[in-house]
Structures are given as C-alpha cells and as structure tokens.
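A lone chain, given as structure tokens: the form predicted alone.
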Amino acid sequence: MIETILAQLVNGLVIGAVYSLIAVGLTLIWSIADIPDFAQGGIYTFAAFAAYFTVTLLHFPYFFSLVVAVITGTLLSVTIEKVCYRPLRGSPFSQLLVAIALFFLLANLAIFLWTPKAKILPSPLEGIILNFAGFSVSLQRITVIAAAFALFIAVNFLLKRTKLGKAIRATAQDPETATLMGINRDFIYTVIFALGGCLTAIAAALIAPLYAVYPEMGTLPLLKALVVVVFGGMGSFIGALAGGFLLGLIETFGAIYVSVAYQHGFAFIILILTLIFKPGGLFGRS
C-alpha cells in the first residue's frame, strides 16, 4: 500500500514538473508580452522529435539530445516571436488568434512530417533504478523532478539578481517607461521567448523517455500549463512551480481514488473554480 502511494506520488511530481517548466516559460511570456503563447505546445513536440532523431538516427548520446532539443525549442520560439507576433504588436486579439492558429498548425505539421505513430526515445537514465527502503524509482523520474527545481532556481536568480532580470521586470511593470529609460523592448521579448522555448524543450526531452514521442504530445501539457498559470497566479513564478506540482498530484491521485475517466478533467475543474472563487490564483493578485 505504501509503495503504491509513493509510486503515485513520484508519478504526480514528474507530471507536475513538466507542467511547472512549461508554465514558468508561459508566465514570462504572458505577463511581459501579453501573449498566451499556444505555440509552445508545438515547440514541445518539435523539441521532443529533435531529441528522438538525435539519438535514433544520428546515434548521439541521450545527454547530447537534450542540448539539441534546447537549441530547437529556443530557436523555434524566438523565430515565432519575430515572424508571427512582433508584426502584430499592439493588437492583442490578433496575436491571440495567431497563437491559436500556430497551436493547430504545428501539431498538424508534425503529423505530416512524422505520422501519428508513437515512438520511444531511449535514455540510459530510465534503466538505472534507485531503491529506497524497498521502494524503487528510475533515475529518469528523479531527474525530471530535480531539473524542474534547478531550472526554477536559475530563472529566479536571473530575474532577481542580474541586470538583465531587472530590465525584464521593468518591462513587465511598464513597457513604455522602460523603453524611455533605454531598455530595448525587442531584445527583452527575444530573451523571454528564448527562455520559454528552452524550458518547454527541456520538459519535452526529459519526459519523452517515460512516455512516448508523437505529434500531438504537446496538446495536453500546453493546456494544463495554461491552467497552471491561472491557478498559480498570473506573473507568479512560485505559483507556476507550486501550481504545476499540485495539479500533477491532483491528477494522479484523482485518477486512482476518483476515476481515471476524469484525470484530464481535473485541471479544467480547477480552472473554473479558480476563476470563480480566487481570480488572482494562489500567489497572484485579482
């Protein structure tokens, strides 16, 4: 019984780590550029496929595939910002429509390129099993959870302790004044989209060996991450981290003790309840 609970606890934290990583990037983009970047779902998929082909076709080590995934996700995210969002700056509704269009376009492009068939990304970490007092867990799962916390600390340090971070926060608070003070808003937007794409790509490459790589793999994580942004509190990075892990645990234990049929519905129930009773989220403001 205890082993089952511990196993589900780890599974919930793994899923939550993915939600948190994507949500932190979405929080940056949404709170600063005012764009709910649905394209991150496609970036998630393309980064996972980049890692998959690096290992299976080029025969490079899994750890090198993480680098390739990050480069892919970062470049794709920055390119989308420059080509699709930047020309529409000042028209939030048009940017929203473009974001939704990209969400479907990238998913269908992935199906066209690689067919709907699921593929497995091999990782040596999945074969390393750690034992704790009779409880076994793969190193891959531990790595996913640890990576989420490490990257959160790194992003938090960037934003709170560096000159670039101060410029990002200034742009988030008042873009016009920040521009008048000499901050290059285009550069700041490039940075935040690069960070968002990087975090999304890392999440995809780390979780892929545990599940599968397929064209629509980014759909649910993207939607759940958007829920986490609202649930945790718009603009709150602690909220994105805590909300992601909490949602992962709710889904995992809810599937066991309520019904697996509602596993993907819990996120949207939480979204509705949050908007009704606490619009500011767990750590945000109304």
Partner chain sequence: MLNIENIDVSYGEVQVLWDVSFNVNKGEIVAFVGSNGAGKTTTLKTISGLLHPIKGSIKFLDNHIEKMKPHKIVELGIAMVPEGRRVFPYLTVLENLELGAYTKRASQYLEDSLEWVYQLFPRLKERKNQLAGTLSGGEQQMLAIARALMSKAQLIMMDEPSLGLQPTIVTEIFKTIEQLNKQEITILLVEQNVAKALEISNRAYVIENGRIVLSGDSESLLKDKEVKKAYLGI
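Numbering follows the first chain given and starts at 1. Remember, it's a predicted structure, so these values are computed and weren't measured experimentally.
What comes next is about the form predicted in complex with the partner chain, which does not appear here.
Partner contacts here mean any heavy atom within 4.5 Å of the partner chain in the predicted bound form, and among 159 to 167, 71 to 79, 119 to 127, 211 to 219 they occur only in 159 to 167.
Mapping the unseen interface onto this chain, residue 182 counts among the residues with a heavy atom inside 4.5 Å of the partner chain in the predicted bound form. At a distance threshold of 4.5 angstroms between non-hydrogen atoms, residue 115 is out of contact with the partner chain in the predicted bound form. Taking the partner from the other structure, the partner chain in the predicted bound form has a heavy atom within 4.5 Å of a heavy atom of residue 178.
In the predicted bound form, residue 91 stays away from the partner chain, with no heavy atom inside 4.5 Å. In this stretch, 141 to 156, not one residue has a heavy atom within 4.5 Å of the partner chain in the predicted bound form; the partner itself is omitted from this view.
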